[in-house]
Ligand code: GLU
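What follows is one chain in structure tokens, specifically the form predicted alone.
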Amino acid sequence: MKAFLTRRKSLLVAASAALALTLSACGGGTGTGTSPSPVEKPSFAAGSTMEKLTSAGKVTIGTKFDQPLFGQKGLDGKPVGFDVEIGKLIAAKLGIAADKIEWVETVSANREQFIKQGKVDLIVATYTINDKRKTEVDFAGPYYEAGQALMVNKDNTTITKPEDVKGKNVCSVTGSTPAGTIVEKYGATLVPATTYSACLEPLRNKQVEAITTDNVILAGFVNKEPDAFKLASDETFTKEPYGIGLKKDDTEFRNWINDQLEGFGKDGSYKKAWEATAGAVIKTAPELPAIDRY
């Protein structure tokens, strides 16, 4: 699938144009997002997850706090980004206002456990759907498709494709799909981190030669520090379908979320959510991927 990023030059031009929307270096993502109106008195089958959440009047959603454009803690302490917007839209369909959402920071290594332990009701956190994870949790979606890429220091001219990292130190997050791919398929030496932001200083100090994760996540870091970092290439080398994680075998809830996602694609709220967040930097608006109703 063609990557959603534009040419590097266009990306940085867009980043400059979006400067007024970006938060300062001390924190925050891009923009402030939207406030979707909650549905009044939605009705669900007794005993369903939807009915329980609606009756409680609140929902706990896991997301990332360090991913520019998708999920990053803002200056007010609340996360902002495209993933956050998707979470708010789902909550609204449950009749729950955005200020009744409890946001829980989830990193790649703890997402399955947080769902299993009931620490969250659902997770929207650049969460790639794959067969291994499906054995532990269920997924609604996908609601977005990214692709793996590499970020290097601005002065790096030796890494332009994934084959160039063979035998080199590359930073990625423990338990992530990109970490496995870069080692198993391309022979890199993994330098693990708990979050992608924790990879920035090792790259800056040349303790590692690249960071790898999804292109849209790296685009956010490049947007914040275009004089320090760049994408090694505009091309991606995997497909990363982002899904919404929830408890295993909660088929009714999964089907309901899938219905809502399809509705967001039709009523314009999906596009609005993108434009209010990641679209400030990545101008090529995505189409909602086909829902995988497995």
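What you are looking at is a predicted structure, and each value in this text was computed from that prediction instead of being measured. Throughout, we count residues from 1 along the sequence that is shown.
If you look for the form predicted together with glutamic acid, you will not find it shown, but the lines that follow are about it.
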property: Non-hydrogen atom contact Asn110 with glutamic acid in the predicted bound form at 4.5 angstroms; result: no
property: In the predicted bound form, Tyr196 touching glutamic acid (heavy atom, 4.5 Å); result: yes
property: Touches glutamic acid in the predicted bound form: Asn223 (any heavy atom, 4.5 Å); result: no
property: 4.5 angstroms heavy atom contact with glutamic acid in the predicted bound form for Asp214; result: yes
property: Stretch in contact, per heavy atom within 4.5 angstroms of glutamic acid in the predicted bound form, of 51 to 59, 251 to 259, 264 to 272, 234 to 242; result: 234 to 242
property: Contact residue in the predicted bound form, from Ala125, Ala188, Val80, Leu150 (heavy atom within 4.5 Å of glutamic acid); result: Ala125
property: Option touching glutamic acid, based on a heavy atom within 4.5 Å in the predicted bound form, out of Gly87, Pro178, Pro162, Gly71; result: Pro178
